[in-house]
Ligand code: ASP
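First, one chain by itself in structure tokens, the form predicted on its own.
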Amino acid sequence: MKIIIHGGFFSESSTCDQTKIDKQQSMERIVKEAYQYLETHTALETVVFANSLLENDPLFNAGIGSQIQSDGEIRMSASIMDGVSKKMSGVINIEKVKNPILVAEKLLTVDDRILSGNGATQYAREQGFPEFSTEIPQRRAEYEEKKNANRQGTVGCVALDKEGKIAVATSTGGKGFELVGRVSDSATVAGNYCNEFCGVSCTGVGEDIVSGAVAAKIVTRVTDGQPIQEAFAKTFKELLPFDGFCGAIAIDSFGNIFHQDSHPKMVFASYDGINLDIFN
């Protein structure tokens, strides 16, 4: 059993030492709590659980603490993918829900598994998710001062359970001050993808991640027999011509954990019950 999580890029919030310490402590707490959950749950259940913990922490740009778009509203996106069934589900630009990842989980059981905008929000209400404001004072202040126009951030998790099954989940509050209707990578196969061989969750500039088809490429290359390190190296090399801003985490079916970023530092933590690896 192994798990890895990410919380976007450290530069998205602050460079101060206290913020770094706070994020390290949160990442350690969440990855250990999620691993404990993994001991008695499937990989699919665990990636949803881990993402909900990240969404509930205002230090990260997903769920509570999400960025505000150019019209002053918050719209979030999230998706999950099951490496066993190969099913992916997600929500794009959903509004006023506490945990978009839980709405994405609900959609995994229906035919129309990716919903956007008002349709996603309406579905959440019909499924009993109450209206909830994820805005925090810091995000409103940043919006008013237009300081957040170039921020990037997402949260995600990849888990390998005791039966060798892999699942992945990704959630984002957007980049901040984006055009209304802008679609991030988080609910696409570029930003969130897995099968029985590998799972990948991405963070960074969504447009760059989509241009590079990052998650799908890495998983496909591992499936075709490339070692995970080589799959990452080749995929990130293909980002260089347009200076793609991306970070990615992954676990393969052999239990290899890997992460890489093109513009350090990505916030991440991995845990296997003994060894903890965390950004520093």
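A residue's number is simply how far along the shown sequence it sits, counting from 1. Here the structure is a predicted model, which means the values were calculated and not measured.
Below, we turn to the form predicted in complex with this ligand, even though it does not appear here.
Contact with this ligand in the predicted bound form, defined as any heavy atom within 4.5 Å, is confined among 94 to 102, 170 to 178, 129 to 137, 81 to 89 to 170 to 178. None of Ile74, Val189, Leu115, Val205 but one reaches within 4.5 angstroms of this ligand in the predicted bound form through a heavy atom, and that residue is Val205.
Taking the partner from elsewhere, Lys106 is found to have every heavy atom lying beyond 4.5 Å of this ligand in the predicted bound form. Not displayed here, this ligand is approached by Ile209 to within 4.5 Å at the level of heavy atoms in the predicted bound form. This ligand in the predicted bound form comes within 4.5 Å of no heavy atom belonging to Ser201. Although the partner is absent here, Lys165 is not a contact residue: none of its heavy atoms lies within 4.5 angstroms of this ligand in the predicted bound form.
The partner is not shown here, and in the predicted bound form the stretch 99 to 131 never reaches within 4.5 angstroms of this ligand through any heavy atom.
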